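Just the one chain here, laid out as structure tokens, in the form predicted alone.
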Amino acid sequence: MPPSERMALIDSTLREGEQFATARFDSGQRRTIAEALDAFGVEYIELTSPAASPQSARDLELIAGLGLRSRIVTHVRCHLDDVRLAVECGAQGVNMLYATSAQLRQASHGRSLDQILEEAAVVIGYLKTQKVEIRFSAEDTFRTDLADLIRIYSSVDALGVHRIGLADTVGIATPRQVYDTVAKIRAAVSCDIEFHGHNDADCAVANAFCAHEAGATHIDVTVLGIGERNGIASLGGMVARMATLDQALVAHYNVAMLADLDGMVAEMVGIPIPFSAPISSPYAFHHKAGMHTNAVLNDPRSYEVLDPAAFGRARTVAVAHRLVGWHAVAERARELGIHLSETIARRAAARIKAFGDEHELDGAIVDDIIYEYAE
């Protein structure tokens, strides 16, 4: 099955992200994040349930009233009191959920599938009288029996929801499982499909992409992937994944903002940008090994599937290490206004390698060696 022709990103930094261990956004930070995400171009911004706390309700009302281009939605229990409050606070979409796996039904709320559907019918009936998008999500989708899922999703689809949500709540799903499940659900419903995948087994972005390939139209992300435990699919990861296929798929986003957006949220929650973060990591476009640097200097596409300039980044060709190749040394010499022939560049590289085997190298030492070999 080919990927859906459209994909909307639902950024949940202000809901799922607030559940990250060190996150504690104040009202000003929430507004700053929302405005930055809107400028980046995400289609949806999801906020914490207004029933969570009085400040959550005030901040939802504030951000919903900013007139942002992104649609403002909130994540709530499938409960009339919660959804009424969401509507009163100005949410443009109500993302309700109900735990459906046998494990969570027993541990969380104790209701049967029949009871879940009865309550959902009442809540959806109310929301249909309001001018809001309606999503119903089966929490712990991938530990729920497939027949039960099809029954639940078909029922709420018939009730008129705009979107159903598939949530890999504990990060247990595999990419193949996600694809197969989404494809089967896609064949059973006519509404849109949202995917929310946790990263417990380091498969969140892969699972999200497989969900999209199988027909999911909406993908949940957060800045840096922050969230409960070790988070969900990251905004940067999904942008990178789509851009590697076709840059046009992310052309409507202001991708040059991504590194600053990641840096801002990282500072707010008190963590560094992970070394493995696509695009925004300080090492994302860093080339070191001699064979790599030679090829990259000849043609950056040889080892760069993404153009750093498209994301406001620059590549680094490292020379201060014992793996350096002579091409990188010659390139650094050119940057210093020095011409080194191949023979001399090889000698300089050999000197740098030998020094690096015994001592710590830095840029100043390398430059001094290059100057010594200047012709």
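Worth saying up front: this structure is predicted, and the values here are computed from it rather than measured. From 1 onward, residues are counted along the sequence shown.
Same protein, other form: the form predicted together with 3-hydroxy-3-carboxy-adipic acid (HCA), not shown, and the subject of what follows.
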| query | finding |
| --- | --- |
| Site check 71, 94 and 218: each within 4.5 Å of 3-hydroxy-3-carboxy-adipic acid (HCA) in the model of the complex by heavy atom | no |
| Stretch in contact in the model of the complex with 3-hydroxy-3-carboxy-adipic acid (HCA), which is absent here, among 261-269, 131-139, 200-208, 240-248 (heavy atoms within 4.5 Å) | 131-139 |
| The unique member of 169, 280, 234, 100 whose heavy atoms fall within 4.5 Å of 3-hydroxy-3-carboxy-adipic acid (HCA) in the model of the complex | 169 |
| Any non-hydrogen atom of residue 163 within 4.5 angstroms of 3-hydroxy-3-carboxy-adipic acid (HCA) in the model of the complex | no |
| 4.5 Å heavy atom contact, residue 212 to 3-hydroxy-3-carboxy-adipic acid (HCA) in the model of the complex | no |
| Residue contact check: residue 11 to 3-hydroxy-3-carboxy-adipic acid (HCA) in the model of the complex, 4.5 Å heavy atom | no |
| Interface residues of 309-347 toward 3-hydroxy-3-carboxy-adipic acid (HCA), as seen in the model of the complex [heavy atoms, 4.5 Å] | none |
